[in-house]
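Let's start with one chain on its own, the form predicted on its own, as structure tokens.
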Amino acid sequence: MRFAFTEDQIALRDATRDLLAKECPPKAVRAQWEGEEPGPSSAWRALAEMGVLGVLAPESLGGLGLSELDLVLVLEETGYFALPEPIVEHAAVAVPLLNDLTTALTGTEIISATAPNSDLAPGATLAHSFVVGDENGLALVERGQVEIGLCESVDQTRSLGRIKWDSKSGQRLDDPRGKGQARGLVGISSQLVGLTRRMLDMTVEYVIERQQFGVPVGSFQAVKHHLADARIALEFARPLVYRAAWSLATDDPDYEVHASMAKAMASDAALLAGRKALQCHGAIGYSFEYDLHLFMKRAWALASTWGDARSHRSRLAQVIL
């Protein structure tokens, strides 16, 4: 048996990577951070044109008709480039649950979603509608049907909003097995893997160029140990994320367990990579003007949303015991 992605899946990932390298450089992320980009970014519109927003939508409704295993690599790249818009909530959570996708795949509309047991939605200033949940399941509510209270976030590109809605409003969504939640977990985990890669790449590049005592600081054993620790964490987390995506795509009965395992390990890896990156960069890593904080603070935010590592380990313990 061959455990590897197909050529088509790799090609879709590479096309997404090339697009985001052009359309979503740190300068564009910083513009969203500082409120200079009032609407959907050019990167979001380009992803819509490429069909990325409709990876999980059936071809009969204008999507690509692919699976979570095709989407996981794409979402990893959106993490690597810190795409500001809530693509996990839109493409992984909302789109597979909708029957009408006429506007959800064009890039002119953004659908956000709240995490389970939360009333916070990312991209609240941009979203046209929201997937929200209560004891009766999930519902799609339009922007005019909710009250939005903007909230502070360590990552200002997320434009968090606290959503208040009437459970009698909106359109109820059919999600009998809770796949929406599992897709959200795997999507966020994918982005955390991408962020871990980005912070590790930035740090390796920096310690090669930065010199002390006439040699690159990356030649020091202590620095090598920091980077090795981060790389090991990445290599342990990434296969679990891919396995969770495979479980969703194949309807494995344990997909919820696999999603929790992925989120716990991906959160740990991203937080560790952020600490190691900050340590290896030294004082410049603390500077607001330096790009590291764009990715590090995104990692902090995503590691805490959709359940942190501790909560998912508790969930796994309940399954095991």
Partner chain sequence: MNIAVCVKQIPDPAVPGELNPETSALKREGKLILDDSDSYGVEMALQLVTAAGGGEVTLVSMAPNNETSGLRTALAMGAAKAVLVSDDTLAGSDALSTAKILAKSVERVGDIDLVLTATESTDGYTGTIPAQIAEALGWPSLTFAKSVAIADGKVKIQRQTEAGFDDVEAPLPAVVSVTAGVVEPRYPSFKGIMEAKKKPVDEVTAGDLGFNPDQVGWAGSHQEIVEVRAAPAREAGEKIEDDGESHARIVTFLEGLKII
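Everything numeric in this text was worked out from a predicted model, so none of it was measured. Positions refer to the first chain, counted from 1.
The same protein also exists as the form predicted together with its partner chain; that form is not shown, yet it is the one meant from here on.
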Which of V74, V193, A121, I111 has a heavy atom within 4.5 Å of its partner chain in the predicted bound form? V74
Counting non-hydrogen atoms within 4.5 angstroms of its partner chain in the predicted bound form, say which of A46, L69, V257, L278 makes the cut. A46
Using a 4.5 Å heavy atom cut-off, indicate which stretch of 26-34, 289-297, 46-54, 258-266 touches its partner chain in the predicted bound form. 46-54
Are A237, D251 and R313 jointly within 4.5 Å of its partner chain in the predicted bound form, each by at least one heavy atom? no
Wondering, does L12 line up within 4.5 Å of its partner chain in the predicted bound form on heavy atoms? yes
I'd like to check something about T305: if you look in the predicted bound form, is any of its heavy atoms closer than or equal to 4.5 Å to a heavy atom of its partner chain? no
I'd like to know whether L272 contacts its partner chain in the predicted bound form, with contact meaning heavy atoms within 4.5 angstroms. no
Report yes if any heavy atom of A309 sits within 4.5 Å of a heavy atom of its partner chain in the predicted bound form; otherwise report no. no
From first to last in sequence, which residues of 233-265 have any non-hydrogen atom within 4.5 angstroms of its partner chain in the predicted bound form? none
